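One chain follows as structure tokens, the form predicted alone.
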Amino acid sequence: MSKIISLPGLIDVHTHLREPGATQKEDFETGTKAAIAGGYTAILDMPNNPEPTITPEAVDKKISLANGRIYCDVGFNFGGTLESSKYFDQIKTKVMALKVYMNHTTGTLLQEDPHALQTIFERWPKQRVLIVHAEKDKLALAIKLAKRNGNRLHVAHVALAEDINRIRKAKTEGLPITCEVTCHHLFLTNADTKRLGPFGQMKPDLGMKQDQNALWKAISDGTMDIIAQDHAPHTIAEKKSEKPPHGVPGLETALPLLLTAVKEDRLTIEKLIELTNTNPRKIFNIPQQEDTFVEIDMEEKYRIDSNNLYTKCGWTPFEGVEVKGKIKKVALRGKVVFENGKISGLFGKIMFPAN
């Protein structure tokens, strides 16, 4: 027996669409198809491409490449480096946020010099979000810099209990700090790494069970602001190579996993909406999408199957996992863009910060 419910279109603030420079993994068309199939009607693209988004020209190139080829709405984040900081005033109306990489990850945007970081934090407009990939001592430094410079700090893909505790403390001290967690850190632990092999390699690494429990606690007590996906596809051949890259896809598996958590009383529908729509929109100043929704059959059970994915990489670390709650329809601004497994219509728009 079916039970159809409707949710607002989901928003993902942490997606790697891989274009330009790595389109063998994903591109604007396949990545936004995957988003729509997963119930995401708005996503923010990250800047650490092989051609990094660190100049006005790079921003304009992404906008040009995406225009007319996207199935959901897409906004762009800018890469924070000492060199790129001179462009902040030029690009601030074209990008949704700044991303600063303070720990090692994919790409060439790592920033470790404290003086360079101070300049980046100081120059970024104070009313706009500054996202950090920062763990442990680097997170402590990011919080210190944000306090000193008055930044609106957002911590990407929190994975460790000690990091969520540090963020919780900063919140109690009044710092305008927000944070996100991914589904792979909510539903996988380091106990899964042997089974998954290179297909479980990501940054941050999968934590221990006590870290996972701390992340769920942060959701229930309100410390966690957003569930984001860090959709970071790589080809199967790349993952099976001698030096497999870090990252896993996630846009199409997130909502089924979260709906299953709702059925298991680990999450409420109200909290799911807050973490995947209300908070992302408010924190990142994302424009409203009128008449946009996702219809779900809460009673339909199925197993996640890579053969049914739209992402170009064609695999998932959640292969074979049984979930309960299937996306039946997605509408974007009154247009049905996904129904019964089929995508139609290039109705996505480039997003700019709402005033």
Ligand code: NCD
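Keep in mind the model is a prediction, meaning the values are calculated, not measured. Residue numbers here begin at 1 and follow the sequence given.
This next part talks about the form predicted in complex with the named molecule, which is not shown.
Only one of the listed residues (85, 285, 193, 106) places a non-hydrogen atom within 4.5 angstroms of the named molecule in the predicted complex, and that residue is 106. This chain appears without its partner; in the predicted complex, the one residue of 258, 134, 219, 202 with a heavy atom within 4.5 Å of the named molecule is 202. Within 4.5 Å of the named molecule in the predicted complex, a heavy atom is found for none of 152, 154 and 225.
Look at 227 to 235, 119 to 127, 144 to 152, 272 to 280: in the predicted complex, residues with non-hydrogen atoms within 4.5 angstroms of the named molecule sit in 227 to 235. Proximity of residue 247 to the named molecule in the predicted complex: non-hydrogen atoms within 4.5 Å are present. In the predicted complex, none of the heavy atoms of residue 292 sits within 4.5 Å of a heavy atom of the named molecule.
Taking the partner from elsewhere, residue 53 is found to have every heavy atom lying beyond 4.5 Å of the named molecule in the predicted complex.
The closest non-hydrogen atom of residue 316 lies beyond 4.5 Å of the named molecule in the predicted complex. The single residue of 40 to 74 lying near the named molecule in the predicted complex is 48, the criterion being any heavy atom within 4.5 Å.
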